[in-house]
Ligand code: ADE
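First, one chain by itself in structure tokens, the form predicted on its own.
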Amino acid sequence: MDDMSRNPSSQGTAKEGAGVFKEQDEEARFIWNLRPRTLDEYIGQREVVESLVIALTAARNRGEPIDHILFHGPPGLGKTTLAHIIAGEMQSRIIHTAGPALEKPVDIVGILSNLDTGEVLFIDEIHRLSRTIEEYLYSAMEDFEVNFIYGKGAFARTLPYQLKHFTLVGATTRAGLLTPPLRDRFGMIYHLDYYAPEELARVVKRSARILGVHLDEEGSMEIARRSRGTPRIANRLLRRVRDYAEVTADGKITQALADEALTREGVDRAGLDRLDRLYLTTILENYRGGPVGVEALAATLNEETNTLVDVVEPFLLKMGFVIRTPAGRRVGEPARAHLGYAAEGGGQQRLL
């Protein structure tokens, strides 16, 4: 975790600040400790892993850096973890940054010029790079060269600077926002999809072993079914259930205890949280089941449009709870049945 400096104005503030930083450090250590370090430890995304094994083995046999890689898919599915695994498998250093953090050409040029042969540059949310930064990446990815511009006006000149052969690993939740020239420069492009409950149960059991949590088979499956197909959420829910088990029971997580703990957290048996249910019921009750534009829906819910598009909708679309149409969003029949509403055409009254 990055070091943070603080300048408290009193001893009391210092103690409070120390508590906050300690909690943040523990959170970072918890997330990192649960990350698999090798492809053998990585659970799920079988086709992606098999392809990476072949590419990594071939690159090691030739003594070359692996080709540039792009991972895209919903958040929490392991894009960052795979980037770190790739660096580990190639026994090289990884430099981690994010698209919004690279504001000026000097930012990306400074990073690129300091990369050694075989090192991995990981750019998260790469679709948020500015067009100016992208222009520098084109030649860097393809020719391993960047051009410094010095002078002004008629006296402007370019000075090419040769880079070491590095590997760029990009991650994005919105691949459609990547420009074609940037996307085409990646040698390997992989889509990470939601996990099946059985795969998530394996993730939960692995995390429970690391944390020393007593968890039975039914308890792990209960957590997995409510995790929205996402390992990050599965690990977060495991922590909440662990806390509940330690305070209200003997620390052992069973299906009944997991059900009770997650219900208290507002996570229902389909994995929907309070915002998901509010999103669906708003369309059903305020807009007669849809269609409704996402901007109007965001205004009604008092939420950012990007929050609905990037956080709420992907899982609901995957489950068939929401349908996107040219006219807007509509609620699907599975959502009506789950929430206890009458089928379409039978009114919006609740059956339960």
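We number the residues from 1 along the sequence you see. Computed from a predicted model, the values in this text were never measured in an experiment.
Keep in mind that the form predicted together with this ligand is missing from the display, and what follows is about it.
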In the predicted bound form, do 195, 203 and 231 all reach within 4.5 Å of this ligand through at least one heavy atom apiece?
yes
Within 4.5 angstroms, counting heavy atoms, which one of the listed stretches 39-47, 58-66, 288-296, 303-311 is next to this ligand in the predicted bound form?
39-47
Within a 4.5 Å heavy atom cut-off, is residue 319 in contact with this ligand in the predicted bound form?
no
Taking this ligand as it sits in the predicted bound form, is residue 34 in contact with it (heavy atom to heavy atom, 4.5 Å or less)?
yes
Is there any non-hydrogen atom of residue 235 lying within 4.5 Å of this ligand in the predicted bound form?
yes
